[in-house]
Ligand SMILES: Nc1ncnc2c1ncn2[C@@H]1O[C@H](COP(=O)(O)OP(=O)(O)OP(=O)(O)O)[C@@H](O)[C@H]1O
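One chain is shown next in structure tokens, namely the form predicted alone.
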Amino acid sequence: MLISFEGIDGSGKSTQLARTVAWLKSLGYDVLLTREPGGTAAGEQIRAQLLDPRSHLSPRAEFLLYSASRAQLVDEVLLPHLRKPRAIALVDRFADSSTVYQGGGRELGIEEVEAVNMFVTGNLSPDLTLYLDVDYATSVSRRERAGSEPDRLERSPREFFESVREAYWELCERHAARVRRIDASGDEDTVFAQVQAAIAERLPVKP
């Protein structure tokens, strides 16, 4: 089973992923946690280029770098793991991120990006995608409290992130059977309860 976590920065993906890993391992699943861009030696090099504020990338170049990292992750990490018994792979972002960030935010076109995504992943699609939804103000507030230096993407203007959020909402409608919206504006425990409930419905073997 492949589960992706999506959402703008500050939505709480890292926290919820860590809790999900611990929970699924306690149920006896073979759990892999990885991320995009990254997850492989080549992917981490690409990640550094993509997030470096000194990088000046056109929207298409940006999308193709994300795609290269994703293709490597699928071939080198995800497919080998998913062939194992009782295997679950959790990904901090997957192809949907390109759909909303490059297709929506960079205006490359959602349908156009999704078509390339299918080629890049070899038609591998998550069994479940959890979209952790917060508004822009919440995202900024949480990132400021974390005190981390904003990367190249995080320095984008508010309008960009508003477009990304709208694209996520469209994604929820286009792929309603796969994408589940999680209200991530509440406290950690409340959000995790939603995450658990959504995953429990889809587990290959009921806990």
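Numbers for residues come from their place in the sequence shown, where the first is 1. What you are looking at is a predicted structure, and each value in this text was computed from that prediction instead of being measured.
A second form of this protein, the form predicted in complex with the named molecule, is not displayed here; the remarks below concern that form.
- At the 4.5 Å threshold, heavy atoms of R93 reach the named molecule in the predicted bound form.
- Taking the partner from the other structure, the named molecule in the predicted bound form has no heavy atom within 4.5 Å of any heavy atom of R158.
- The named molecule is not drawn, but in the predicted bound form it has no heavy atom within 4.5 Å of R60.
- Proximity of A146 to the named molecule in the predicted bound form falls within the 4.5 Å heavy atom cutoff.
- With the named molecule left out of view, the stretch that reaches within 4.5 Å of it through heavy atoms in the predicted bound form is, among 138 to 146, 63 to 71, 166 to 174, 23 to 31, 138 to 146.
- Counting a residue when any of its non-hydrogen atoms is within 4.5 Å of the named molecule in the predicted bound form, the hits in 1 to 27 run I8, D9, G10, S11, G12, K13, S14, T15.
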